[in-house]
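Presented as structure tokens, the chain that follows is alone, the form predicted on its own.
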Amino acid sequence: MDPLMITVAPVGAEVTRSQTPYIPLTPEEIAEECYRAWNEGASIAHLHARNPDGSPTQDPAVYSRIIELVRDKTDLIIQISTGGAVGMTVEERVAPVSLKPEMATLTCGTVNFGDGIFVNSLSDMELFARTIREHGVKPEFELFDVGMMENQRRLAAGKLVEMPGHFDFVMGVPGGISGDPRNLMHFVSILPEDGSTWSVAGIGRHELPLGAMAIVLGGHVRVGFEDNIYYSRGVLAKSNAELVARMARLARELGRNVASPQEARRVLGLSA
């Protein structure tokens, strides 16, 4: 197996200070959380951005500041979100790709997202794919349900994305595929047989068991406050680094090495 790539998703677009006082909001706080996670074994930083009032933003200037601070402290692979927040325009969401990070997410379909609808039409996906390719960025294909694999295949067939690719199975969002372990096995079974890699982002209580499955199945894992704010039932995690450290510790107990950012670049086919 390749060494385990651990992605840290430190903030997301939905979690607020009323839910956890430990959520980072400013560029400085987000960078500090990435630094602490990097020290514990994270190799990829999945970034969202916030305004001073805590609301989500896709402003490239805010992303630029976060990226600058993270790169000052670490050699993490920078992956920006083009998901933004429910209700944002496609133009807003894709804007930070112009900063040319190493990676950017590309969500492969529309999904009910709690009380909202996360819209990704075919024309939206094609725009994201073209913009990501034009800026020399590697996409991470985000799948919130099984049917999204067919949309990804359509993008690949149209030569809008290069294969093999890297997939992230987001499981447990209300309205998307559940965190049932059988669903992860099904996702893995329909992965393109071309050397593509995959990770899993288990939402809430699904983070730990699905991460453990990914370790033994040869996949990779995403953890962090975007997906889960608890360390155990009813106990808030005090930092993203705690969640990274636990996954790294579990991997070592199971006999799998944890990837450094440079090793992760090799696995993903990124330039050093």
Ligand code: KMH
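The first residue of the shown sequence is 1; numbering continues from there. None of the values given here were measured: they were computed from a predicted structure.
Quick note: we don't show the form predicted in complex with ligand KMH, though the next part is all about it.
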Quick one: of F167, F128, F118, F187, which gets a non-hydrogen atom within 4.5 angstroms of ligand KMH in the predicted complex?
F118
Taking heavy atoms only, is H220 within 4.5 angstroms of ligand KMH in the predicted complex?
no
Residue-level question: is H48 within 4.5 Å of ligand KMH in the predicted complex, judged on heavy atoms?
yes
Do L250 and ligand KMH come within 4.5 Å of each other in the predicted complex, heavy atoms counted?
no
Spell out, yes or no, whether the shortest heavy atom distance between G109 and ligand KMH in the predicted complex is within 4.5 Å.
no
Segment that reaches ligand KMH in the predicted complex - one of 101-109, 175-183, 194-202, 148-156, heavy atoms within 4.5 Å:
101-109
For the stretch 46-83, return the residues whose heavy atoms include at least one within 4.5 Å of ligand KMH in the predicted complex, in the order they occur.
H46, H48, S81, T82, G83
